[in-house]
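The chain below stands alone and is given in structure tokens; this is the form predicted on its own.
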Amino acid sequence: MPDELILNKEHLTSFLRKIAREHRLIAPVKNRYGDTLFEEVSCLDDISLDLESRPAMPPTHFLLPQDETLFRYKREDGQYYFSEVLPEVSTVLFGLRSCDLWAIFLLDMVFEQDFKDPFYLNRRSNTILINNPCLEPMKNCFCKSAGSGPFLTEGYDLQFTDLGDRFLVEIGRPKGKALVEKWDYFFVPATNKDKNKQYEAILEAESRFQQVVDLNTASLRFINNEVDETLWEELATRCQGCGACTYVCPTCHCFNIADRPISETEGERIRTKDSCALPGFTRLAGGHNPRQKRSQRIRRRFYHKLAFAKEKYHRSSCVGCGRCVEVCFGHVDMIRVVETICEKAEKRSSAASLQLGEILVNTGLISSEELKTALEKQATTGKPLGTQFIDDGLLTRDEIGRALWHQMNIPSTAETAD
């Protein structure tokens, strides 16, 4: 069987109906209020599939539920007995957006590294991922900037690209191949015309993004400690502390654990999703809270997304879905925060570079033309101006140091020795 096939749209419902008989089928459904949500589908005749809109809530809730039982315990004759709860339900997630699929990849890294979480990994191993690339990015989507969409070249089990009256179906992993082979009578091989049409659709989709968000520069600002600390106080005046941004974020995975009694002799340990935006999240048993102030919680959230994830996983943990933009009425969302960080850092960097450049020109170490050329290069490379001079061979580190010492009336080593 080829890795690229065609499924006519008139056969989609029949194909999904076959899947729903043997697996738990999760798909984007438009409810009676007009909202699109990922829901468990048992009868396709009673629902309205919506593959045009991005669901309001991410599909990762089916891998990391809001509330789940980890194990149950019983006390008999003074002894405790524990039974782990690991449900093995085969699930197919259909209609995923590329950004949400990337979010699942990020959660895989979180729950596979260090301590391997058996509850998440059990669900993940029993889940088949079917991706539907975005042909019409929404107003607040920026997955292209985040490097997570709108199309994927790997990672999915199956990928369905809408070509109008048919889907181009790409097989990615063995689970997807097994699903197609079981009901191969729905599919026919894709032609070169189909593949060319998909290529055109990819180019058109990438040209339609309204948002360009420089996550990489923002991450570097964090890592290099170039973010003005007063920013968090400013954002705290707008943030309502509701935690909505974290609950709609597909990569947020904070949780709390508690024991819940069932009877006098039985109980269960549960895990519930939590939010680092809420004041109780970091409150310790003795009552102390290391992040009592809202500004501290906002700071931690964005450092986690843009700096800590970048250092540990080599990419930020924002996938550019844009959900936080839509739910935050205080405008403390990823797009606006990144824009603010880059804008303020750029102004501060430009001012510092100009000041250093003027000092070097005044001391006669470089000419005004050489300063202009170095500033133009710096705008492209993003390097500190002093490093740019050194890389270009115009100055040495010692020459720059002596110029700064002279400007601040600090005697050089030679002068001190005299």
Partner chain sequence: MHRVLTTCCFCACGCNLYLEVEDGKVVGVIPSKQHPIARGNLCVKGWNIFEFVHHKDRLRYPLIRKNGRLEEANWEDALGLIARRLSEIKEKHGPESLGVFSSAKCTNEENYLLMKFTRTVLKTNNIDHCARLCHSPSVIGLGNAFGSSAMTNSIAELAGAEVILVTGSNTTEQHPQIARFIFDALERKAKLIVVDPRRIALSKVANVYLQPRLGTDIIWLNGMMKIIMEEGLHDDSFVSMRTENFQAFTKHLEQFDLEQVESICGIPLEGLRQAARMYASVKRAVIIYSMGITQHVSGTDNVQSIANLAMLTGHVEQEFTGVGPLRGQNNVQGACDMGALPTTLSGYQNVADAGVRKKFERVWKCELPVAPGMTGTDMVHGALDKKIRAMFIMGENPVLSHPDVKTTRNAIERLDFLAVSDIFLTETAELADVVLPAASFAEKDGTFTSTERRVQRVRQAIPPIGSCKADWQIICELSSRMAYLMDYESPAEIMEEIAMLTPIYGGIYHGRLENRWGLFWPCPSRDHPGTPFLHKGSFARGKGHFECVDYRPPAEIPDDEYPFYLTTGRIYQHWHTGSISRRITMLSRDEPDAFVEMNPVDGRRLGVRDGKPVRVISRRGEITVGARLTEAVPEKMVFIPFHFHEAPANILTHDKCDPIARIPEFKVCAVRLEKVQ
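Note that the structure is a prediction, hence the values are computed from the model and not measured. We call the rigid core whatever largest set of C-alpha positions still superposes within 1.5 Å between the two forms. Positions refer to the first chain, counted from 1.
The same protein also exists as the form predicted together with the partner chain; that form is not shown, yet it is the one meant from here on.
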query: Thr380: touches the partner chain in the predicted bound form, heavy atom cutoff 4.5 angstroms; finding: no
query: Contact test in the predicted bound form: Glu39 vs the partner chain, heavy atoms, 4.5 Å; finding: yes
query: Partner proximity in the predicted bound form: Ile202 to the partner chain, non-hydrogen atom cutoff 4.5 Å; finding: no
query: Contact test in the predicted bound form: Pro174 vs the partner chain, heavy atoms, 4.5 Å; finding: no
query: Residue (of Asp228, Glu339, Glu326, Glu136) lying close to the partner chain in the predicted bound form, criterion heavy atoms within 4.5 Å; finding: Glu326
query: Stretch in contact in the predicted bound form with the partner chain, which is absent here, among 147 to 155, 240 to 248, 210 to 218, 97 to 105 (heavy atoms within 4.5 Å); finding: 240 to 248
query: Contact set, 20 to 37 vs the partner chain in the predicted bound form - heavy atom within 4.5 angstroms; finding: Asn31, Arg32, Tyr33, Gly34, Asp35, Leu37
query: Shift of Glu264 between the shown form and the other one at or above 2 Å (CA, core fit); finding: yes
